[in-house]
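The chain below stands alone and is given as structure tokens, in the form predicted on its own.
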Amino acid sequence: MRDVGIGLIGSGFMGKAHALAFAAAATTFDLPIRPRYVVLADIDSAMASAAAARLGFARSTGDWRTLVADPAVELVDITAPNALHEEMALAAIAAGKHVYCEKPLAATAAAAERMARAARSAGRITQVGFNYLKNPIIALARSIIAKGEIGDVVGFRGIHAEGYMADPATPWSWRHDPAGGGGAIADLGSHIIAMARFLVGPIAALTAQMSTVVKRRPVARGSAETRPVAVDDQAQLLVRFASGATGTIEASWIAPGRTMQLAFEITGTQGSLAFTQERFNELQLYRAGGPAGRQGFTTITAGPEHDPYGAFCPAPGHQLGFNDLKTIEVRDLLLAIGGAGAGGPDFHEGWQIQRVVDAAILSARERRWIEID
């Protein structure tokens, strides 16, 4: 078994989640390669040094370029703010590295396309951090659809709503900087768009409306000085899939009381599926044709029959968690690097998702339907 040297850029919420996932994947699954924590980069040397010691990286640096150039690093893992993804990823690809990047892949579809094309030209393995697609229950939903168990899909209703920006006193941050792309539509909308594509297929056309509810935010917690907000707080899309199915997609980061409402309902000609990330070890399945008075949704609970749940727990109903989905995501990436799997979603899929985000922003600005060819 050979090692693959990991270089992690960023040690915040997602950086820590990635580091934990590499460690867990190495012990949860039988992998052809073993991750080795080589170097961690952060905003300055002090922060990087502290994070490297905490997460188990051998070295640290305050300059991500040093990490990219390190010959011991084979995989560059990017968890920096969105606006930095393109420069970092292109530099890593040019240096011959594989790249793992948190979502959304880039600030614009044009940037995401440059990243995808560079990776393809260089023959590098890439992956984008849409870990909710790695849920065994979502794999089950996709299988149910593919096997025709609910007939032909005709409708999709999807939403990703959270409340972490609901308080107007929450300070302005890089998430509110339009240089990083959209607001809620990019940060949360990209997840439900990814889910829609994964389950129903490509989105062919859409029309969207967006609104900025909190017009200004303090520059720091408790500060009287404010900055204008130039990105969306919430978005609503009408979509038409290439398959002919139609639907709606919503995104909001100002939904009080919601912590993880990534949810969908899929309507077929012979049944329906319903899911919410707030109970993400459960899938609701309805099949038409039952006896009168006995019809309704059946709750399917995740268990060892839904691979790779069994690698974590031999007992059904004991539930996986957020970090377990990241672990599955990292497993797929390492298998791909080791030549034993396809991995993904890769940079090409990240680009396709960003095309939908960009189309929604354009539609809302110009108040018209946008075809996504």
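Here the structure is a predicted model, which is why all the values come from computation and not from measurement. Don't overthink the numbering: it's just position in the shown sequence, from 1.
Keep in mind that the form predicted together with a further copy of the same chain is missing from the display, and what follows is about it.
Within this chain, Ser143 lines the site of a further copy of the same chain in the predicted bound form, having a heavy atom no more than 4.5 Å away. Among residues of the shown chain, Leu55 is one whose heavy atoms approach a further copy of the same chain to within 4.5 Å in the predicted bound form.
Heavy atoms of Arg59 never reach within 4.5 Å of a further copy of the same chain in the predicted bound form, leaving it off the interface.
a further copy of the same chain in the predicted bound form comes within 4.5 Å of no heavy atom belonging to Arg65. This chain lacks the partner; the member of Met260, Val219, Ala242, Ala94 within 4.5 angstroms of a further copy of the same chain in the predicted bound form by a non-hydrogen atom is Met260. Of the residues given (Ala118, Val200, Leu133, Ile254), Ile254 alone sits with a heavy atom within 4.5 Å of a further copy of the same chain in the predicted bound form. The stretch among 108-116, 219-227, 76-84, 145-153 whose residues place heavy atoms within 4.5 Å of a further copy of the same chain in the predicted bound form is 145-153. In this stretch, 335-360, not one residue has a heavy atom within 4.5 Å of a further copy of the same chain in the predicted bound form; the partner itself is omitted from this view.
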